[in-house]
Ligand SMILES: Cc1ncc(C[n+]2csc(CCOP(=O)(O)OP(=O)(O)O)c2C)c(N)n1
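Quick heads-up: it's one chain on its own, the form predicted alone, in structure tokens.
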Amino acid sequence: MLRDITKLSDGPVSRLRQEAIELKHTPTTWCPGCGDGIIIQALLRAIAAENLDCRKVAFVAGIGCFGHAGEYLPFDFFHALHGRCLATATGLKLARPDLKVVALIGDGDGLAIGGNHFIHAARRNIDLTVIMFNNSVYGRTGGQVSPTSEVNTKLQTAPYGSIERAFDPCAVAISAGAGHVGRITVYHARQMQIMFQEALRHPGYSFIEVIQNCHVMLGRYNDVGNATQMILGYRDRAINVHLAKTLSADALKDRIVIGRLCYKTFPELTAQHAELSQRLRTVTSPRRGLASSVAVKPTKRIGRCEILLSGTGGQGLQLAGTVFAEAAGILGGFQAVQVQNYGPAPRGGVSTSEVVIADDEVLHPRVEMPDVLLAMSQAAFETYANKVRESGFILYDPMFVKPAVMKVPAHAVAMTEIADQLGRRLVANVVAVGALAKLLGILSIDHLERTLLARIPKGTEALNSKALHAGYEAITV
């Protein structure tokens, strides 16, 4: 029954994948009678019914028996670390909002080690279709108790019966803020397809819990029968959500409430992110009062530029690095990352802020050989000056740094003295940002000012603006 899935859409499916589907993996790698196959078939039918292009559908799966689904699905498929499925899916959706991202999780994978990601993905309302394969056991790893194992369930880690109360995954999802939540069992295959279609259409976070059998690791230890008997047991215990609302709690004991449990719409995360990005790119110059759209592509290519800001804890180097990275990445059109390294104390010790700005994706966020070194203490200078690339330069504060003979160009700017003249020594870091911007020549002073003013305390805007431009004007070359 899995052989025809290559006909779901006109998207590309490799010959090797077709061979794997048609020859090597039929029958499947799952235990005979496992509910995983029922779920996957319902999901494939739902995708086909919605006429989705497989080139625009991507799957992310956690660790569990369900993770083998990638062997049978003609879509891009990422097998994430245990418990990190939703974190990975969130990153994928943010990077590619045009994709329909489907996340496959288990009751153990999704609610134990992955419980925190489960809660916050729902809270953020990011457009993910999340399907939980809930068999109430860690089936793949030997039959341990999972977060959804009922009290008195006997398993390998609870041979005398579990004493822990079980999670209700749907209740957790609803309380965390999920807009679309439903529950179904593997017996109700046709209803499952319809529920999956509704989830795929929902403009936000959708969560579907599927109650499924694991007759090998759970069934045989708890006298609930083989695969057929377990699945028929779900049929007998299931009750529609609308009927369930008319019954008492006692009447619903041991019943499985199925159907759509919640449907609400909230602002979706990737849409909000796009709106915020567009708003940030409409700049009003604080000095000129003019509104303009910021180009999202830089005007020049720089390759990869590594900047190391170094000095003493308390000199504001983390803020300086943040301003540089945000101005470059949000307004400048570059790719940019920052790594913060604090000293051993808030006031004192060596402190550094690493910033990498590049034309293309930053695969390694750390500074190895700085193109630019800002030194605001003697210890920082002595530690890092000899690591600067031959094509780079050093900017230092002569109040604190007495340089030796250097192999690269060095620029002395009295950053602390300028800050003292402005009336606040603490803005020496902002003076440094202005000087660095002039020397680098890749970031607009307006972009830096916009970013800076969004970061500083209220009431200090005028002082910080003066400090930024004072540093910029202090460089005459």
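Note that residue numbering follows the sequence shown and begins at 1. Remember, it's a predicted structure, so these values are computed and weren't measured experimentally.
Absent from the display: the form predicted in complex with this ligand. The rest refers to it.
A heavy atom within 4.5 Å of this ligand in the model of the complex is found for exactly one of Leu309, Val137, Ala178, Ile131: Val137.
Think of it this way: in the model of the complex, this ligand has a heavy atom of just one of Ile113, Ala244, Ala227, Val350 within 4.5 Å, and the residue is Ile113.
Residue contact check for Glu354: none of its heavy atoms lie within 4.5 Å of this ligand in the model of the complex. Contact check for Ile63: a non-hydrogen atom falls within 4.5 Å of this ligand in the model of the complex.
Within 4.5 Å of any heavy atom of this ligand in the model of the complex lies no heavy atom of Arg260. Within this chain, Arg123 is remote from the site of this ligand in the model of the complex, having no heavy atom within 4.5 Å. Figure note: of the listed segments 48-56, 433-441, 63-71, 406-414, the one touching this ligand in the model of the complex, with heavy atoms no more than 4.5 Å away, is 63-71. Site residues His82, Gly106 and Thr141 are all in contact with this ligand in the model of the complex, judged by any heavy atom within 4.5 Å.
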